[in-house]
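We begin with a single chain expressed as structure tokens, specifically the form predicted on its own.
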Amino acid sequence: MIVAVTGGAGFIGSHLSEALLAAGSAVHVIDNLSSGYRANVPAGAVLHEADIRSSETRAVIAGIRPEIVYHLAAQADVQRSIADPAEDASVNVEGTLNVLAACREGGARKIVFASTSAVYGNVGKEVVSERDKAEPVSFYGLSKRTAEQYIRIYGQLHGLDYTILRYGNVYGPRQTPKGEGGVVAVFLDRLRQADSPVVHGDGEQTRDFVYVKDIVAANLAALNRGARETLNAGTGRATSVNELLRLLEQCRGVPIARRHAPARAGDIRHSRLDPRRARRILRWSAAYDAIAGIAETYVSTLPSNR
């Protein structure tokens, strides 16, 4: 099977590319290396250095004629989206439209899209399901929500199958504190530099932290399941930022000093996903809890502190 992975030189995309190669697929990575790294592209995958908004991307996909396109490339920084909403929309909306056109031209059977729990905004519920209204509170969440809608309509008009996966807060080895970086990567980077992690707000804001290996498994499950579905890809468990620091302290074996800063605009207070539909439709569920996932990430990122 020929598969294309946009953003395949990035954090999640490189892990996914490795798994697809291990499963016997021919993998083509499309990445402009703005936040990804050439070194992340696994041996055996073909790297095409191109922006998802470009004619080069369309030519690549039309030329290789993949059966499946995994669309992970994105502008994934909430604060950057607030500072420059036009660029955020250009990458996440225009880029997705270009990839959709390429899928049609290249005869792809299906697109699997990496969306985000940020599309829900502050729903005001303890657990958020796919039935809840999506009301983003950041331009990043809005651009991802808009891209979802384009994918659905494109599927209806042109017969392209799709699975949209709304990720929780993904973390794991290879994640960087820039671009698609989340709080786990930022905290580990601070510890690597012998600096104190910064907690925005009171630290009691919660997230559904999901390990990258589990997200890869959800993407693999979407190869042949989840037709025209939008599904939450999370653990169903909430972890606060303060609890995250306590888990890192367990890994480190010593207390971690922290600094506090004001809460940031556009940040969601609580986010916890209901993964039951993904469990039923994809036959997938997260295998890692926060303790196991954080420990594995810590050892991989800070080997000198084992």
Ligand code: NAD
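Remember, it's a predicted structure, so these values are computed and weren't measured experimentally. In case it trips you up, residue 1 is the first one in the sequence shown, and so on.
There is another form of this protein, the form predicted together with this ligand, and it is not shown here; the text below is about that form.
S.K.: Would you classify His270 as touching this ligand in the model of the complex, given a 4.5 Å non-hydrogen atom cut-off?
M.R.: Close contact is absent here: in the model of the complex, His270 is far from this ligand, nothing within 4.5 Å, heavy atoms only.
S.K.: Taking heavy atoms only, is Ala286 within 4.5 angstroms of this ligand in the model of the complex?
M.R.: No, Ala286 sits far enough from this ligand in the model of the complex that none of its heavy atoms falls within 4.5 Å.
S.K.: Indicate whether this ligand has at least one heavy atom within 4.5 Å of a heavy atom of Ser138 in the model of the complex.
M.R.: Result no; Ser138 lies far from this ligand in the model of the complex.
S.K.: When the contact criterion is heavy atoms within 4.5 Å, does Ala265 count as touching this ligand in the model of the complex?
M.R.: Outside the cut-off, so no.
S.K.: Decide yes or no: are Ile12, Ala114 and Asn169 jointly within 4.5 Å of this ligand in the model of the complex, with each residue judged by its heavy atoms?
M.R.: Result yes, every residue of the spot touches this ligand.
S.K.: Which single stretch, out of 253-261, 236-244, 274-282, 49-57, brings residue heavy atoms within 4.5 Å of this ligand in the model of the complex?
M.R.: Result of the contact check: 49-57.
S.K.: Could you check which residue among Ala108, Val91, Ala222, Val184 gets a heavy atom within 4.5 Å of this ligand in the model of the complex?
M.R.: After the contact test, the surviving option is Val91.
S.K.: Please pick, from Ile151, Leu142, Ala218, Ala74, the one residue with any non-hydrogen atom lying within 4.5 angstroms of this ligand in the model of the complex.
M.R.: None of the others qualify; the residue that does is Ala74.
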